[in-house]
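Only one chain comes next, encoded as structure tokens, the form predicted alone.
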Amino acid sequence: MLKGIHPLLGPELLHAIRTMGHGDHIVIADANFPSSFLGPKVIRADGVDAVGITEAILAHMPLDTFVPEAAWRMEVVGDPTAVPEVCATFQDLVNRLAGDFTVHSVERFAFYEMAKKAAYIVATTEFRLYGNIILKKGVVHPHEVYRVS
């Protein structure tokens, strides 16, 4: 354990978000997502749901403020205006922890294409359908960095 680090961030995931640069994407994927076959390095988060991992990541990683969109979810196949409960929860987390960002919906196969370009995919055991989100890392400002006194 470390002080000030969300307990769901294991060493591999902590390393991943630390090494990501401004503009890099991270995918938080549900249990049905084809994580292993899209290309990016997969970090397993077995026994943890997508909401918990998203909260842990957003507790330490800012979203990109230099672009119009910095968070995306997979839209419901056959009902693109639907917002599943898990996706509404993602939106609430983003608003609470990252600020005034909209989690935009993206068609399923376009979402897969975005995921192929991500720095990492976090494979969770989120069983709710459409429990997938992509986050674009922003800039950590100097006043947000820990300084040794």
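The structure displayed is predicted, hence computed values, not measured ones. A residue's number is simply how far along the shown sequence it sits, counting from 1.
Quick note: we don't show the form predicted together with a further copy of the same chain, though the next part is all about it.
**Q** From the list 106, 86, 97, 114, which entry has a heavy atom within 4.5 Å of a further copy of the same chain in the model of the complex?
**A** By the 4.5 Å criterion, the partner-contacting residue is 97.
**Q** All three of 20, 138 and 142 touching a further copy of the same chain in the model of the complex at 4.5 Å, heavy atom to heavy atom?
**A** Yes, because 20, 138 and 142 each have a heavy atom that approaches a further copy of the same chain to within 4.5 Å in the model of the complex.
**Q** Is there a heavy atom of residue 101 lying 4.5 Å or less from a heavy atom of a further copy of the same chain in the model of the complex?
**A** Contact check for residue 101: no, nothing within 4.5 Å of a further copy of the same chain in the model of the complex.
**Q** Find out whether any non-hydrogen atom of residue 59 is located within 4.5 angstroms of a further copy of the same chain in the model of the complex, and reply yes or no.
**A** Residue 59: contacts a further copy of the same chain in the model of the complex.
**Q** At 4.5 Å between heavy atoms, is residue 36 in contact with a further copy of the same chain in the model of the complex?
**A** Flag for residue 36 set to yes.
**Q** Hey, in the model of the complex, is residue 68 touching a further copy of the same chain, heavy atoms inside 4.5 Å?
**A** So residue 68 does not count as contacting a further copy of the same chain.
**Q** Between 110-149 and a further copy of the same chain in the model of the complex, list the residues on our side with a heavy atom within 4.5 Å.
**A** Result: 112, 119, 120, 125, 127, 129, 130, 137, 138, 139, 140, 141, 142, 144, 145, 146, 147, 148, 149.
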